[in-house]
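First, one chain by itself: the form predicted alone, in structure tokens.
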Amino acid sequence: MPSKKTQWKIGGEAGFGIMTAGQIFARACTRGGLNVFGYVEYPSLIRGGHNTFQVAISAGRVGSPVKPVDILVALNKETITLHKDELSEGAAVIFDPGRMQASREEFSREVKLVPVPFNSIAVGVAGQELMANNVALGASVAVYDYDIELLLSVIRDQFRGKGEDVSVKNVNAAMAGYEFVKKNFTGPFKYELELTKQEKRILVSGNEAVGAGAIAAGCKFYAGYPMTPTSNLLHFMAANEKKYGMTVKQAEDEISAINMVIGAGFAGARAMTATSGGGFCLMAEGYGLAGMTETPLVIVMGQRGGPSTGLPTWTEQADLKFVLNASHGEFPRIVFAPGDMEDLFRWTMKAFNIAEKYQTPVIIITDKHLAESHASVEKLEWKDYRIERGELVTEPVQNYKRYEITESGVSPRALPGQPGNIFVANSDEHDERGISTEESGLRKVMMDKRMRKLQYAAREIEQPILIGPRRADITLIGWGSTKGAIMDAMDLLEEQGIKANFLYLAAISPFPAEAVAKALRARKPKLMVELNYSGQMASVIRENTGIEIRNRLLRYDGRPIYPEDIFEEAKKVLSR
């Protein structure tokens, strides 16, 4: 019988094509109308180390990886050793008997061993072992009894740019793996994949969703320095530079990157940069410069484990308070933390409008888990999006004041080179024309002016969403990448007759204190879910509302929280 949700996982040494194979398999499932979530793990090594790519698959909603693995594709023995305890009862283990030996006695659960000679098949049909991963993909499709043509179509697309001969060999390798399993292994596997009648979806990573949102919003300048987990965003923007008329620069460091973006934003271009925690440390002074000069720009901050170099290729949500307080002094800090691919796309577009309308930097905070994972989504649409540039001056203004005191705090913004509109952009405190001042009364007036922007921006930034029934047994609270696991956990709880709702915080600054307090006012159990040691969002909520959330599920080992973890913790909370 078809399974409601299943998970496939491939593992092996770096260089075995793990990432490529995982994405191909995820795309093949997506083309069949299935929903997928692909999660990748790899060590912070230049070369070698153990790599995995796992794909959670369902005809219904799936927003995170799950714990049990139903098919494990082992390209080396280490994969079996490391992941055998993750297998579900009756799981299949696909491996090459020429590379390793495996016996049922190794496993604590009943498993189905599927030995497939990846290497010899690859050499036989394609002339090289390099295509063994495609043999494994074909074998996986056969075990799942899935449509092989969908896999072959993805492989053709993947290798089309490398020539017809390469494409054909990869297709033949996958087909040979499929036929080998169909010929040599009989009997149904308890997990099957079936095509659905759902509209076809696309597969995107978090970084790609941010990049697509930036392009849709009219981004014309991007500068960045490669740093996990946002390096792929630089690659995405560079790949689309000519097509969408952008300028993309790899800077020599993060300080240069943010200064380039400040210059582009000052000149009138919609501009963005991206980095991680260590890089944002270097950007902090520039961030303050943008705040003082009221220069619009978008900064993507992809969290990973710290401090210092910490866990370069693993996830965490421990930079929240850093981002909310980065750079010295006080200025409008607008911070968004989208929780899935669609929201990354949508909130990135919103960030560019907010940045220009309120003439201030806007931060999109994400993390390694969300940035580098892949998910199936409906077509990303922006036909209803309208670029809003705010108080942009296009004609000469008599007695022009760049930092004019206004009720909203937003001043008329002229661009360099416009006739007649002469002003100074000054990093010191300044008067309405930008001339330096240390006069106490004027300092207060200018601070009040800048900070008033938050009051007005808050009126058009979406309030937090309470997802699920209003009357619930427990309220789950999360922000950013925990969204998918929390919503999947809600499904698990519902299966047990437990009603849960979810307070999803995507807009973090200005903090929606009134809306959060209203959502949490009910006297029912609450559970905060975060990827950090100290419960940073729980602390922010208490600071702004006075509400203390005592029940907390915190993880800080570099791995994402799984829906099963939330499910078990929610049951514990309800039993107290």
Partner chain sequence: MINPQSLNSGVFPNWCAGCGDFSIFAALKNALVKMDMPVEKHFFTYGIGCHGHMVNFMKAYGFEGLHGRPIPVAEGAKLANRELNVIVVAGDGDTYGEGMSHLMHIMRRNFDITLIVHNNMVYGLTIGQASPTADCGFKSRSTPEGLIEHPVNPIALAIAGGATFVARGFAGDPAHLSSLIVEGVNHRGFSIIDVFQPCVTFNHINTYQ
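Residue numbers count along the first chain shown, from 1. This one's a predicted model, so the numbers in the text were calculated from it and none came from an experiment.
Although not depicted, the form predicted together with the partner chain is the subject of the following passage.
- Of the residues given (F322, F266, Y385, Y244), F266 alone sits with a heavy atom within 4.5 Å of the partner chain in the predicted bound form.
- Comment: the partner chain is not present in this chain, but in the predicted bound form one of G161, G417, G90, P188 has a heavy atom within 4.5 Å of it, namely G417.
- Using a 4.5 Å cutoff between non-hydrogen atoms, E110 does not count as a contact of the partner chain in the predicted bound form.
- The partner chain is not shown here, and in the predicted bound form it never comes within 4.5 Å of any heavy atom of G390.
- For G409, no non-hydrogen atom is located within 4.5 Å of the partner chain in the predicted bound form, even though that partner is not displayed.
- Remark: K249 counts among the residues lining the partner chain in the predicted bound form, judged by a heavy atom distance of 4.5 Å or less.
- Per the 4.5 Å heavy atom criterion, the partner chain in the predicted bound form is contacted by stretch 292 to 300, the sole one of 292 to 300, 76 to 84, 118 to 126, 334 to 342.
- Annotation for 408 to 429: interface residues with the partner chain in the predicted bound form are L415, P416, G417, Q418, P419, N421, I422, F423, V424, A425, N426, S427, D428 [heavy atom within 4.5 Å].
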